[in-house]
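Quick heads-up: it's one chain on its own, the form predicted on its own, in C-alpha cells.
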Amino acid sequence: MLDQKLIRENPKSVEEILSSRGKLFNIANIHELTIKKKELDIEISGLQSESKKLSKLIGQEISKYKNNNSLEINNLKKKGNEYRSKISEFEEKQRILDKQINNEISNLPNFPSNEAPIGKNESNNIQLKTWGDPLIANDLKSHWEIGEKLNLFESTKSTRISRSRFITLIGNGARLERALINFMLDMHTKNGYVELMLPALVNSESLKGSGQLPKFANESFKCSNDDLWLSPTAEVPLTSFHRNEIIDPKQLPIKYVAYSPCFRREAGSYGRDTKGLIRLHQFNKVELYWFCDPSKSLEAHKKITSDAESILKKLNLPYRLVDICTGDLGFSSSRTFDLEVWLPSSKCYREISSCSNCLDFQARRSSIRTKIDNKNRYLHTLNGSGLAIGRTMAAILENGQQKDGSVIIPDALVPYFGSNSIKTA
C-alpha cells in the first residue's frame, strides 16, 4: 500500500510514477479524501487538547473550593461533555474516511523501481544473462507427450474428478514431484532458510496484506460459507505470518521457505497451455520469502534471486535471467527478476520463478514494522519461487529426454528420486 501522506502532499508525482507502469492513473478522488482526513485529524487533535485543558481546570477548581457541584464547575463539566460528544462525532467521520481511503489506495499498485526498465509489456523486458546449453533438435517431444508415454500423469480422469486444468500424477510422476519438493526444501534450509508448513486456506485480510485483494479476487477460489480462500501462493500466508507485529531488528533478515499447493483460476488465460503442467488450477510450489531492513533490500533481492538460480544450476537446467519492465511488473512488486527455464519442445524459455522486491508495500498493508533509530518503521519484504514444481518437472522431462523414450534424472536429484532415469515399461 502506498503512503497516504505522499498521496496527500505529492499527488502529481504519484500519478507520474504509477503511470510508468503503462497506464494512466488518476488519484484526484483519493487526494481529496486524504486532505479531508488531514483536516479532520487536526480538528480532533485541537478538540482533544482543549478537552484535556478543561479537565485539568475542573480538577483545579474542585481542589480549590473543595466542592465538585458548584454552578461554575457544573458549567465546565457541561462544556467538557460537549467536547467529548464532538470528538466522538468527528472520530466516527474519521473511521468512515479511513475506510474509504484504504479501499481506494488498496487498488493502487506499488511504485516501480527507478532501476526497472521502462516498458509497456513483456516485449520490453531485458535479458540479463543466460546459463547452460539449450537443447535444440527437430524431433524433440513435449513434456506432456513424454509424460503420457511414461504414464507419469493423467488429465482426462482428473477432469472427471474435478474439471479441466487439474492433473493426477501417477507412479514415477508423483515420485518425481515429491523428490523435487524435498530436494528444494533441503537446499534452501541448508542455505539458512527456516521451513514453514502453512495453512492452505487463508482469510481476506491475508490476501489484502500481500496485495491479492481486492484487485485479483477473480483469480482465486473462495469458500462460499466462510471468509476463507484457497491460497494462490505461499507468499500470502508468509506475508501474514508476521501481520501486525513489530519485529526486533536483531532478528532481521528473516528468511522463510515454504512448500505449498497453490490454487488459481487463471482467469483470462483460456486457450493457453491447455496441455501438460504449465498452467494448472492447482500446482505445487516452493516459495522463498524475506523480511529485511529497508536499507538492505536491494542486496537481499540479488541474494533471493541467486538462491532460486542455484536450484536450476544444481538440476543442470538451462535458463535465462530477465529484468521485468515497468509495464509487466506484478501488482505488489517494485522490481522483479524472472528466471525462465528452457523448454526444448517449444524452443523458448518459460517463467519458472519471479523474484520480487516489494519494498514496504506489503508491510504497510499488513502493518509489519521494525525499530530503526528507536522509531517504528515498515520493513521490506521480498519473495520468489524456489521453484514452481510442475514447471521444473516439465523442464526435466524435456531436457532429459532420450531417443529410446527414457528420461535422465539430474544427478543432484537421484538421491531423492532413487534412480538416475525413468524408462518405458
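So that the term is clear: the rigid core is the largest set of C-alpha atoms that superpose within 1.5 Å between two forms. Here the structure is a predicted model, which means the values were calculated and not measured. We number the residues from 1 along the sequence you see.
The discussion below concerns the form predicted together with the RNA, not included here.
- The partner is absent here; in the predicted complex, the one residue of Lys157, Lys314, Lys93, Arg84 having a heavy atom within 4.5 Å of the RNA is Arg84.
- Only one of the listed residues (Leu40, Ile27, Ile58, Leu33) places a non-hydrogen atom within 4.5 angstroms of the RNA in the predicted complex, and that residue is Ile58.
- With the partner left out here, the RNA still marks one of 369-377, 395-403, 355-363, 382-390 in the predicted complex; by a 4.5 Å heavy atom cut-off that stretch is 369-377.
- By the 4.5 Å heavy atom rule, the three marked residues Lys5, Arg8 and Gln48 all count as contacting the RNA in the predicted complex.
- Of the heavy atoms in Lys77, some are within 4.5 Å of the RNA in the predicted complex.
- Along 298-326, no residue reaches a heavy atom to within 4.5 Å of the RNA in the predicted complex.
- Shown in the overlay between the shown form and the other one, fitted on the rigid core, is a CA shift at Val194 smaller than 2 Å.
- Core-superposed comparison between the shown form and the other one: the Cα of Ser346 travels less than 2 Å.
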